[in-house]
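Form predicted on its own, single chain, as structure tokens, below.
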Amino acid sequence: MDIVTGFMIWAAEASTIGVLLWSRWFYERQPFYFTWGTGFIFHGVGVGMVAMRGTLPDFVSIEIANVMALAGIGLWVAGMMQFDRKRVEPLVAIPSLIFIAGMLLEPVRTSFSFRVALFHGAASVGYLMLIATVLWGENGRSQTRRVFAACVGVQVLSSMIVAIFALISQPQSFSAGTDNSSFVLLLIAALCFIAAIMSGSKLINERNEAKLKLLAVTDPLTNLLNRRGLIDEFHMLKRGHSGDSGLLALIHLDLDGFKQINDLYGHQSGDEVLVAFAKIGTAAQRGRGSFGRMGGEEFASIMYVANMIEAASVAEAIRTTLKHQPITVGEHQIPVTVSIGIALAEIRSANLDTLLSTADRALYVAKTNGRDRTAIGTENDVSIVPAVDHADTQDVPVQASMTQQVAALRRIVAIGK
């Protein structure tokens, strides 16, 4: 097999991979599939046109063909940027521009060996850009990305060796440069090409697996954590703060009269209310924990807090924000309130089942004492958090008296108002 035949095989394989990636894009509509597919098509067609030199006009088999092959490498870099959800930079055109600029020089344009060296030098630059994109992308330290970068690195080395050999031996055509070393380099390049494709496939599989795991712990309507995700977050917070002396707070929130909202405005409007409330709850976390949807109109927050007052302050911020900002759905201004139950435990001894039970009990007290309230549950009692917007109903009986900490919270809330 001569080197031209090798080029044709390479071109056929690259073009086939490009078509397969296009078909994947047709079903999934992920832009990186289309970009990668286009890159393989460009590279394959370009290499094939190079191999057909003598059959095609020189301008087509030299200028256009090499620029297309290098543009394919640039598109691989662009696809990697899209894969990592980054903006595609114009720098991806550098490999092609290097060749175009080099061809403006008379000695390069008229010398086969110089053109070969120019192409492989430009290709090396493109491969180095691809390595940088892979290693500096999201999760760049993953083993798969390192293997992928290593495969491309061998390709860089191979291209640089070809460029140096072309400058030293000064071949005048592909047949003149055909020797054992050329076949060895072509074989190495082919093997690295296959290994890089396999590594890239694994990257895609890992991303799909991560996406499935995320879907398993995410509520599809609000994009918040679901019940399972909140359970995982509880264990993560407990492990992350195992040496601290603070508290874990579980805040259970239930939108008041949500069935009436669905009945009056429709279920689609009800969904928009849930989404709007999810944004309010998420904004109140400020990095202290996670906000999630337990199901229906029930939400929960799991947070690391210093004391009871901090947990109650977050809950009251959510409650008062929702109360004073009616949610706009179409032409309707929908007033919405929320009842909240809070449970706390020392981080070392926190038990999720106990926290859930206590928060549910506190939420029940908030509901039965007029709704639009926050209640804090402890092991023995439940207390309504005093709030200035309920100053006229502060005498409503509750199941237990307020603790000293809740009394302190009264003063803090009053000052904040």
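Fair warning: this is a prediction, and the values are worked out from it, not measured in the lab. Position 1 is the first residue in the sequence shown; the rest follow in order.
Just so it is clear, the following notes concern the form predicted together with a small molecule, a form of the same protein that is not shown.
- Contact with the small molecule, judged by heavy atoms within 4.5 Å in the predicted complex, is confined among 261-269, 282-290, 111-119, 305-313 to 261-269.
- This chain appears without its partner; in the predicted complex, the one residue of Leu274, Val162, Ile94, Met103 with a heavy atom within 4.5 Å of the small molecule is Leu274.
- Contact annotation: of the candidates Gly296, Pro107, Pro220, Gly240, the single residue with a non-hydrogen atom within 4.5 angstroms of the small molecule in the predicted complex is Gly296.
- The small molecule is not drawn, but in the predicted complex it has no heavy atom within 4.5 Å of Val125.
- The closest heavy atom approach of Ile131 to the small molecule in the predicted complex falls outside 4.5 Å.
- Within 4.5 Å of some heavy atom of the small molecule in the predicted complex lies at least one heavy atom of Leu255.
- The closest heavy atom approach of Lys367 to the small molecule in the predicted complex falls within 4.5 Å.
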